[in-house]
Structures are given as C-alpha cells and as structure tokens.
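There is one chain below, alone, in structure tokens, taken in the form predicted on its own.
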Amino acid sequence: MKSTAIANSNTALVKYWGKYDEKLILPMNGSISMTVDKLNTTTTVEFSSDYKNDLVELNGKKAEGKESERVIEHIDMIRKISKLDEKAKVASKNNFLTAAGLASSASGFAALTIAACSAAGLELDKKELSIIARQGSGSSCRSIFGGYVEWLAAKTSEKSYAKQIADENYFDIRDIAVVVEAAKRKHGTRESMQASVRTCPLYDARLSAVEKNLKIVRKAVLDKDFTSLGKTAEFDSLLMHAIALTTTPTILNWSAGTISVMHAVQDWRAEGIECYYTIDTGAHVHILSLPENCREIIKRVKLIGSVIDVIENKPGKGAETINKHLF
C-alpha cells in the first residue's frame, strides 16, 4: 500500500488561461507543453489502517491550510475510485522553487496521482491517469507524458485529457529556466484565472487566437521547426500576459529581472543567436533555444544582475514510479 513516483514539470508553449468548469478543471482552451528533465517532484503515498488521519508533508514540513486540503481532496477522489477506506500519509519533495511560476503544481499533482493510484492498486492507462491528475492541477495532466504534450479542451471530464505529440527523443530543443529576483506572487493561479474570465475585456480575443497557435506549434513539433515553435510560443506567452495585465485587479507577476531577460533575448536574436522567451505565471523566464546556442546563452544570462539561478532543461520523461521511498 506504499508507492513513490517522480514527475517532471512542463513548460507551456501554448498556454491555458481560464476554466470552463472550476471543479473539474476543464480548460477554456487547449494547450501544448514540453515536459522538462531537470525540474521534478518526488512523492510517496502510503495507505494504512495505522493512520488515524491523513498526513501531508511538503518539502520536509507539515502542510497546512489550502496546501494540505488540495492534496487530501485529490487523495479522496482516488480513494473513491479504488474503494479504499484507509487514511494516507503523503510526503512530497520538489527539487526547485514552489509556487513561483515554474509549474511545481504540474509535477506535484502528476507525481501524487501516479503514486496514489499505484499505492491504491489501480491499474490505469496514461489517459485515465491524465484525467485524474487534471482534477488536482490542470497542467499536471500534461506531466503524465514525456516530450511534447497537448491537453485537449472539452466540456466533459472524459474528453479533456493530455496526449503525447512526440516523445522526449524526437526533437531536441532546450528550455533554459532563468530564476530571477522576485517577490512572492500576490495571487494564486486559480484566483487569477477566475478574475480574468470575469473581468478582462480582451479575454475572448485571446481565445480566438489560441486555436491558430495550437495548430502552428503542433506542426512545428512534428516538422522540427524551431523558428516557428519559438516565435509562436513567445507570442502566445505575451497574449496570456496581456490578459493578466488587463484583468481587474491587474495581475502583474513580472519583476525588473523578468523585463531584463526579455530585452536580452530580443537583443541576442537581433545578433543572430536564435532564442525565444516564454513566461508562465511568475516572474521567472524560460528561454527556448537550440542545443548549439545553449552554452553562449547561459553565459550571457549569468551576466544579468538580477538572475539568481539558471537551469538547462532538455525534453524530459513522463511521470513514473520508482523504488526509493521518502519514508
């Protein structure tokens, strides 16, 4: 009744922003991401009659409040599916910043889903696991798979799941995660999305552009067309942040460091070093590049004063169980 899983984070190339159904986490639009290989979460889940209450530990500390509630709610869903009554102990550990816009919830709920379903004795395929993971954190459904992944938008739970476009060995591009100095986010992603759907006057316009972006990026992956992929990912990122900036109240997660990296990428591109940026829900920046330009870009990024850390990612594997438990 104990199992451990590891799941990688993913970087959205075409982003989702807003939900058709908040409880089931059904997105207003589809999205495409690249699962990365260096940012991951390891989670151990044990069901036992010895536990009188559910216990949740995140990064070595007892989880409280909403953090704990979200994990237990997800475990409750898996208990219901597997017809288990036992309480659970959950220990989870990230190897990167949590709640900072680097998709820690994506890797977190993917690892939780795989570990809990395995511990509960469920034998499910990746589509089914993706549907379960989605209900904990939308983007986690994409981290079930490796490589390049598309999450389908739908108005029913059984039709909204992730599927792999190409595996991690198909198209070698690099995602350079640039961690910059930034204040803690003032608004959670869920609350921000809700506010955007309610108040942003540009929201519908962005939705109408997403289908075209999905088509371009899907084809770019299959054709190994880095230029088309990078241009569209950068444009889609700016579209999403235009929604955030024109939401009431304004959602501004960028810092001075964010802007510095954005300007630098544009300057390097003008010099002939092909690279593009994409930013999720925090201040940190992902720079997309081809392998041959990666070393030069990292060298230059490290010279930007507000940069704290630089992590080079290749396309990574999907979530899987491992034998080394956290407890």
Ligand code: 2P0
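All figures in this text were calculated on a predicted structure; none of them were measured in a lab. The numbering used is simple: start at 1 and walk along the sequence shown.
Note that the form predicted in complex with this ligand isn't included here; everything after this is about it.
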Residue stretch of 35-43, 274-282, 57-65, 297-305 approaching this ligand in the predicted complex, non-hydrogen atom distance within 4.5 Å: 274-282
25, 105 and 136 all contacting this ligand in the predicted complex, non-hydrogen atom within 4.5 Å: yes
Single option in 180, 119, 132, 193 placed near this ligand in the predicted complex, where near means a heavy atom within 4.5 Å: 193
This ligand: the contacting residue among 233, 75, 220, 240 in the predicted complex [heavy atom, 4.5 Å]: 240
Residue 70 within 4.5 Å of this ligand in the predicted complex, heavy atoms: yes
Non-hydrogen atom contact residue 94 with this ligand in the predicted complex at 4.5 angstroms: no
Any non-hydrogen atom of residue 317 within 4.5 angstroms of this ligand in the predicted complex: no
This ligand contact at residue 255 in the predicted complex, heavy atom, 4.5 Å: no
